[in-house]
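Take a look at this one chain, the form predicted alone, written out in structure tokens.
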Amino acid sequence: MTGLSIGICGGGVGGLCAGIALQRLGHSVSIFEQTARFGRVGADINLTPNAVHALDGLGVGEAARATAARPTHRISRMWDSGEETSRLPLSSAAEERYGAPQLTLHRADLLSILTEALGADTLAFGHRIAGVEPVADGATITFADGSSRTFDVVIGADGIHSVVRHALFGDDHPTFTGIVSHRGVFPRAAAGDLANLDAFTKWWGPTSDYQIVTFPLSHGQEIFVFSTTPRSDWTEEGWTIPGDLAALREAYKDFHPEARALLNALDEVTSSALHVREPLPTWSKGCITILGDAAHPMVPFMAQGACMAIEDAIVLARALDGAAKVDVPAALVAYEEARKARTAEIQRSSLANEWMKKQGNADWVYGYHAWTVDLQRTAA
């Protein structure tokens, strides 16, 4: 193995997974995260079987299982009648069909698991990226304090407002969907005798901008609730903005009583705008590439944002397996060619917000295996 030096901008789920995979292939990895530390911010993460299978290959799947809940089913219900329109068995049934179950857990718990799997001194907090530029046989990362580091490969895993993406492809602002999301968690005991609390359940609204999604966390001791409302005038940025719970309940006053009970069990919510971008024609230039939300931000209506970042990380590491410096540009092209069609289709399907409303085919999403997908053809 050549042992490339690789700099990763962003210490989220995708960046950490890429770091673990690349280190296990013999590369030297440095991950730069702008925050001072990981806090317990962003309550949930939903890992569908395709992502859990990828984590198993990294050797962290069992640790994730130890703290996660395992939803029993994926259920769709109609907003007014409560009628079930689809029910997909998960847990052991998903493990048998796809090689892994669905896991739902706190994002902070997953970040902790991934951080522990990295080599010592891999992750550097408090490093805000100011820019990235190609140099001979590599790329240089410049930090906000004026310092810089040069690597054989630079990976932008720095989210929807990616500095690396901007450096590669210029000004490209995400588009506000006109939809605001609201997230909250309540203890299971607060739900009384509500049914299906151990399932991933989606309540489909009268229009695509109204929905309630709920699933268990912490071995089922907590229940996570996600909902959306249309808001054309929203201007605030951030994931932890306090939401107006009374206004949210009012927006859902005509929903089925069981759906309203989920919102009534909450004590507070945080709110954030949902943004998208059109799929990019290319993700890489020279020895620089991007992954996750930096490459393909999507609305969370299929619960695939973090899952796609995890898949990206594995396929990217596989593409760089055994690569010498001279091979890096071609390896990055192989990575993006193996990923672009799949992520673009999931971006579009998420925004359309119809997937699994009625009984349909989940195999094309859940049955993808990042560890074995052919790097010589476009994955779909």
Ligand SMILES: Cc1cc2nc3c(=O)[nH]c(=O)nc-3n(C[C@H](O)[C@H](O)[C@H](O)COP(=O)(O)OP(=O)(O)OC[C@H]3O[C@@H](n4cnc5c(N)ncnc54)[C@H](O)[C@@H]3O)c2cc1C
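From 1 onward, residues are counted along the sequence shown. As the structure is a prediction and not an experimental result, all values here were calculated from the model.
Keep in mind that the form predicted in complex with the ligand is not shown, yet the notes after this line are about it.
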item: Non-hydrogen atom within 4.5 Å of the ligand in the predicted bound form for each of Gly11, Asp44 and Asp293; value: yes
item: Proximity to the ligand in the predicted bound form, single hit among Ser349, Thr67, Ser28, Gln34 (heavy atom within 4.5 Å); value: Gln34
item: Partner-contacting position among Val153, Ile212, Leu90, Ala309 - heavy atom within 4.5 Å of the ligand in the predicted bound form; value: Ala309
item: The ligand contact at Gly159 in the predicted bound form, heavy atom, 4.5 Å; value: yes
item: The ligand contact in the predicted bound form: Gly15, any heavy atom under 4.5 Å; value: yes
item: Proximity of Arg183 to the ligand in the predicted bound form, heavy atoms at 4.5 Å; value: yes
item: 4.5 Å heavy atom contact, Leu248 to the ligand in the predicted bound form; value: no
item: Partner-facing stretch of 298-306, 96-104, 259-267, 173-181, counted where any non-hydrogen atom is within 4.5 angstroms of the ligand in the predicted bound form; value: 298-306
item: Partner contacts for 124-140, taking the ligand in the predicted bound form and a 4.5 Å heavy atom cut-off; value: His127, Arg128, Ile129
